[in-house]
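One chain comes next, on its own, written as structure tokens: the form predicted on its own.
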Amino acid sequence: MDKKEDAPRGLKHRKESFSEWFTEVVERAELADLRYNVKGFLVHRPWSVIAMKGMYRLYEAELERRGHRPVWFPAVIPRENFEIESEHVKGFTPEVFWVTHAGDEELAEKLALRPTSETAMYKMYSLWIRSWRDLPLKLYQSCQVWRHETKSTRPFIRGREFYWIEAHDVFATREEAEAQAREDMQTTENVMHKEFGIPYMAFERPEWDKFAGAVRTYAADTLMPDGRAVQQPSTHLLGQNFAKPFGIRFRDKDEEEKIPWQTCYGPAIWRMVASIVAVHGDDKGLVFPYKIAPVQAVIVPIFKKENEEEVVGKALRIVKELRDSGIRAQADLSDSTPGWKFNEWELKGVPIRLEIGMREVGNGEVTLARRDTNEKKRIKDKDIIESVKNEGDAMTKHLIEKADKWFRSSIREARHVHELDVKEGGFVKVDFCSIDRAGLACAENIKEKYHLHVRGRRADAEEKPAGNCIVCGKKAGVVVYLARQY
């Protein structure tokens, strides 16, 4: 292998050119290859897949801890299923990929590649649910979905095939369903925020921006460094809107037939990768939170020919010890220079780097460097495993604190409509007339003039308006947040 030089990484500056920086990091850190010749479909490379598998494990464990059980449903949905709930089909039909042929034979009924699984799963729920004893039913699946996205596609942000989890729950009462929606939002906090370090605000979406077929939609919105909003997990109170047309019924304890209440929850692991890249990354590249990093600790031996055996031997011993303790570790034994290796593993976002030279061999220690702060400290050999774990956890905590501080600084207030005519991104808090249909005209006005979208009102806090609607001047009925969006 040719020896590589310690050339600077040459990444675009993240703050000055986020879009170019993001694409460059995705490619150069080998998260994905963007050259696949079908628009909106992404080739995922090992570095992103390993991280996503870790993210799935954390999310699935939290769902199962809360009583959900895993299922797998077919990727295709018969047209007759898809068209049962009218509002749902109206909302999703423009985005559906249809399967019309098997080989040269035209199918008698075309099949939809699932854009979401309500219409696949609820057909079966009507067969499985008979009695109050069958409730609550809380199932989830980790899968891909396909939507013919007509806007410009971006890797991990907006595509035509993406990876997510969808949970679909059924309850005897509305109160239980509403409690589940609140639980879903807590799941978002416990995993997306506390594990992945993604800051967010929880909103109740306006009437015109609900999930198709839902009574209410609650969504977690985060921001990208360019100030534009990205929707993360959303949970939907479906009410009885699907149970009725799909014939889902149960007999209560008095043998009276009742219609159950439903919710669904959709954490998009794929899109969370985008937020992790964007929120935690810097001008050197990725910065992974410790638990989901594909490699949690990399060992870089620094040696000359005459002491190679001793240094490399120690590096290999440490790799084995780390792996035996459950830490994902790797030793870089390539013939690249130490400086090049440092740059490469920083680009890939590895949380902990362990440097070993003859000094470390002689002193029975290693030099530990953290990706987030670049701080270095010497660690005795006997303390390596504990130190890697402790520093990894401390790093994740620091990433969360740093991201939260930036996020809070990206929220501002506007009292007059002319204050919206600025290039500053982030969330804008305003008094607004209504998030019912009556407010749609004002929302369209803001969207057309300022390219800002009404994200909704806070779902986790009660905020009362102090004045009039920022657009129409009528007495405000609600406080909402605006933002540009992807």
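Worth saying up front: this structure is predicted, and the values here are computed from it rather than measured. One-based numbering along the sequence shown.
Not on display, but discussed next: the form predicted together with another copy of the chain.
Engineer: Within 4.5 Å of another copy of the chain in the predicted complex - does that hold for a heavy atom of every one of N37, F41 and H148?
Structural biologist: Every residue of the candidate spot has a heavy atom within 4.5 Å of another copy of the chain in the predicted complex.
Engineer: With another copy of the chain left out here, work out from 233-241, 140-148, 402-410, 274-282 which stretch has heavy atoms within 4.5 Å of it in the predicted complex.
Structural biologist: The contacting stretch is 140-148.
Engineer: Determine whether any heavy atom of D335 comes within 4.5 Å of a heavy atom of another copy of the chain in the predicted complex, and answer yes or no.
Structural biologist: Flag for D335 set to yes.
Engineer: Does E83 reach another copy of the chain in the predicted complex, with heavy atoms at most 4.5 Å apart?
Structural biologist: E83 lies outside the contact set for another copy of the chain.
Engineer: Can you tell me whether E195 touches another copy of the chain? I mean in the predicted complex, with a 4.5 angstroms heavy atom cut-off.
Structural biologist: It does not: once another copy of the chain is placed as it appears in the predicted complex, E195 has no heavy atom within 4.5 Å of it.
Engineer: Looking at the partner-bound form in the predicted complex, is Y450 within 4.5 Å of another copy of the chain by any heavy atom?
Structural biologist: Y450: no, not in contact with another copy of the chain in the predicted complex.
Engineer: Just give me the single entry in V417, A459, L58, V49 that has a non-hydrogen atom within 4.5 angstroms of another copy of the chain in the predicted complex.
Structural biologist: Contact with another copy of the chain in the predicted complex is made by V49 alone.
Engineer: Using a 4.5 Å cut on heavy atoms, which of R28, R45, R66, K429 is close to another copy of the chain in the predicted complex?
Structural biologist: Checked against the cut-off, the match is R45.
Engineer: Are there residues in 57-76 with a heavy atom within 4.5 Å of another copy of the chain in the predicted complex, and which are they, in order?
Structural biologist: Sequence-ordered list: E60, E64, R69, P70, V71, W72, F73, P74, A75, V76.
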